[in-house]
Every structure is written in structure tokens, then in C-alpha cells.
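Only one chain is given next, in C-alpha cells, and it is the form predicted alone.
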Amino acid sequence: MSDLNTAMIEKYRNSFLHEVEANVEEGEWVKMCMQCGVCSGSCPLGNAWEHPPQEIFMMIRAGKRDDVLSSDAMWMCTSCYNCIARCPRGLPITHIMHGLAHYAKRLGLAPKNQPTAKFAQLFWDNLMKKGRVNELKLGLSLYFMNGFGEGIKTALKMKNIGLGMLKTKRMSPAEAFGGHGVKDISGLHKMIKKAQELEDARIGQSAK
């Protein structure tokens, strides 16, 4: 390979692309995007994206680190996998978008008060208490995540659905005080802690 080709490749593989490859799940696939736009056209939330996936990938390759990591685009992914199923090159787009969201959060760069990010944290906190999601508590947390007043408005708006769930025994007030849990919650917490240690070690190794 000529020196000119080598120089062009190094210029293309900018430092942010290297960073994504090293720290983001499936990040090494970003450079394979051919900008066809099938992912955005296949996405049920295509019209709501600040930057659709192929645009995010191009921004990464252009070194626009702050614009990418502070965007709410990654948080819009609903994991429907339409993009992966239809991508001509088979890019794991869903995994990359979630990986970018996770990385931005870990760096403290995720957008503030982003609804999906708030939901993800509420879901995780709920899950980690007993190892299983308490749907009633999670629902109430979502209703009131933007303040007491908004929570009351949402609860009143959804009252008919709530009453219907109570009548069909799909929701029980007893769940709020108890609820199901895994048998060994301390074991689960140890597993999560170990997984985080392994991930931190992998990232540290990749950064060298």
C-alpha cells in the first residue's frame, strides 16, 4: 500500500471513529455504512429522529464527537430491529445506537431530561430492587417522572385503562407493597457488578 493511501486511510479513521470502535458495542461496523438510508426509511419513528442512524454514522466518521454524544437520536431507538432486518450490509444498527446511548450516559454527555433516557433509568432502578420488574410501581414512576402535577393529569387520563386492568386482574394494588422477586437478589447484584468490572476492563484494554 502506498504512503498516500495509508495517509488517506488514517485521515479517514479519525480519533472519534477509533473511540467508537473501542468503546461502543459493535462500533467497528460504523465504517461499513454506505449511506443508503434504508434504516431511517424502515424506522417507525423515522420522522422523529434528530439525526437518523446513517447520519449519526457519517457524523462519527467526520469526527463530530460532541454533536453525536449529546444528541437524543440514540435514545429514540425502540429495538424493533427493522433496520437490521433491512440493512443491505447487515449492520447491527440497533446495537450500535444503544451502545452509543450507553457510552454517552457513562461519559455524562447524554441529553438532560430526555424521556427515553429517564424511562431506561426508572426501569433499571425498578428491576434491580428485586430482580423482576414491578409493573405497578414502574407505571407510577413513569406517571410522576415529570412532577406531581403532571403525574396527576396522566393518572386521570389513564384511569379507565387502570380500572379495566384491575377488573381483569392484570394489575393488583398488592404489587405496590410486595411483588415478585428472584430468590437470590444479592447473587444477581454480584453478577451485575462482575459484568460491569469485566466491561470496564475491556474498555480500559481497548483504550491502550
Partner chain sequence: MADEKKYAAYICTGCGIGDRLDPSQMETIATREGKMQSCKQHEMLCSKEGVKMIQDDIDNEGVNHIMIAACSRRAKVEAFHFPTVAMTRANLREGVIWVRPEGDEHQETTQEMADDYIRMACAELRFITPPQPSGQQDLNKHILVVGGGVSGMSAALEAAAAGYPVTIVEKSGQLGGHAAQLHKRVPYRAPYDAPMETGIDALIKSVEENSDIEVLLNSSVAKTSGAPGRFEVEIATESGSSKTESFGAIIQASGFKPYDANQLPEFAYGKTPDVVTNLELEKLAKEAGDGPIKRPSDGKEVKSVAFIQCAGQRSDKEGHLPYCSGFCCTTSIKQALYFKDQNPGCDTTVLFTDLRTPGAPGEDFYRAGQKKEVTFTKGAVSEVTAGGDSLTVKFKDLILDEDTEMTCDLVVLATGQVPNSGPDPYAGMGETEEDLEATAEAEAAAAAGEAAPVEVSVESILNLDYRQGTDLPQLKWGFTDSHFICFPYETRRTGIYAIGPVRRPMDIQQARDDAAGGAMKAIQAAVHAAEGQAVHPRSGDLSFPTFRKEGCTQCKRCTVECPFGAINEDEEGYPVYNESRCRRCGTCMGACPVRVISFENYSVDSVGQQLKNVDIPDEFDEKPRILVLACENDAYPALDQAGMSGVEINPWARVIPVRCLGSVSLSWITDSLNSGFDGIVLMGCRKDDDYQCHFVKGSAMAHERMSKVGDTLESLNLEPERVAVYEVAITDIERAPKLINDMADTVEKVGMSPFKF
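All of these numbers come straight from a predicted model, not from anything done at the bench. Residue numbers count along the first chain shown, from 1.
The discussion below concerns the form predicted together with its partner chain, not included here.
Between its partner chain and the residues Val182, Met32, Ile161, Ala48, the one pair within 4.5 Å by heavy atoms in the predicted bound form involves Met32. For the options Ala62, Leu166, Ile152, Met145, the residue carrying a heavy atom within 4.5 angstroms of its partner chain in the predicted bound form is Ala62. For the three marked residues, Glu21, Met58 and Arg89, a heavy atom of each sits within 4.5 Å of its partner chain in the predicted bound form.
For the chain shown alone, Gln54 is a contact residue for its partner chain in the predicted bound form, at least one non-hydrogen atom being within 4.5 angstroms.
Residues are counted as partner-facing when one of their heavy atoms sits within 4.5 Å of its partner chain in the predicted bound form; in 92 to 127 not one qualifies.
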